[in-house]
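Presented below, as structure tokens, is a lone chain in the form predicted alone.
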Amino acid sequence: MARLAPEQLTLYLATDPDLLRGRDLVDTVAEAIAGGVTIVQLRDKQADGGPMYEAACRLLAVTRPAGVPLIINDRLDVMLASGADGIHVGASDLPLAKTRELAGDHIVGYSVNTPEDLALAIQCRADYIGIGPAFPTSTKPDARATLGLEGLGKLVTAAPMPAVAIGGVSLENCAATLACGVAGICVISALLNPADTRAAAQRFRTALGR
């Protein structure tokens, strides 16, 4: 089983090519890590396997020396080919049981929105879960029902593995989100929209009190 310390989930960056606005992916991620990001997910729903593999290899040259895990969204083939640290899947992706089987000792994360999702994550031995959307979000237009702090807290309390909150997490609500018991927060637009990604990450780390 993969080893993932809960503190590595403190500030989780998921990438989005639409938010880079011409900036280099690797340079932007490097700035985010310098500002305090502790784990990175390569997320690109439109990319073909070849370009995504190349992006993963380039990112590993930045994340691995920093001791920051690199997670691949959805694409088990890209994770295995690149040697990335793990994979994150959701209900509509490759089944979690098969993902866990094929991923071996790599980190496996799973998106959770309902008690049924959590039961599957427990059954299939996910290493961590991403619970959300915690708040309304524009990053994922097909997002499931918004949980709010109460719904988030119930799922966190029932989860035996560490969890990150995702969806609409901001500087204003991140402290309240952390108080629900999550190990960390996953942020996309609030880290990638600002021109200074390093400063944005630093502000989050300060707001989280870590």
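Residues carry their position along the shown sequence, with the first being 1. All values reported here derive from a predicted model rather than from experimental measurement.
Same protein, other form: the form predicted in complex with another copy of the chain, not shown, and the subject of what follows.
Contact check for residue 65: every heavy atom lies farther than 4.5 Å from another copy of the chain in the model of the complex. A residue is said to contact a partner when one of its heavy atoms sits within 4.5 Å of a partner heavy atom; residue 106 fails this definition for another copy of the chain in the model of the complex, lying far away. Another copy of the chain is not shown here, and in the model of the complex it never comes within 4.5 Å of any heavy atom of residue 115. By the criterion of a heavy atom within 4.5 Å, residue 102 is counted among the residues contacting another copy of the chain in the model of the complex. The candidate site formed by 50, 80 and 92 is fully in contact with another copy of the chain in the model of the complex, as each residue has a non-hydrogen atom within 4.5 angstroms of it. Only one of 51-59, 27-35, 181-189, 148-156 lies within 4.5 Å of another copy of the chain in the model of the complex by heavy atoms, and it is 51-59. Contact residues in stretch 61-75 (any heavy atom within 4.5 Å of another copy of the chain, taken in the model of the complex) are 74, 75.
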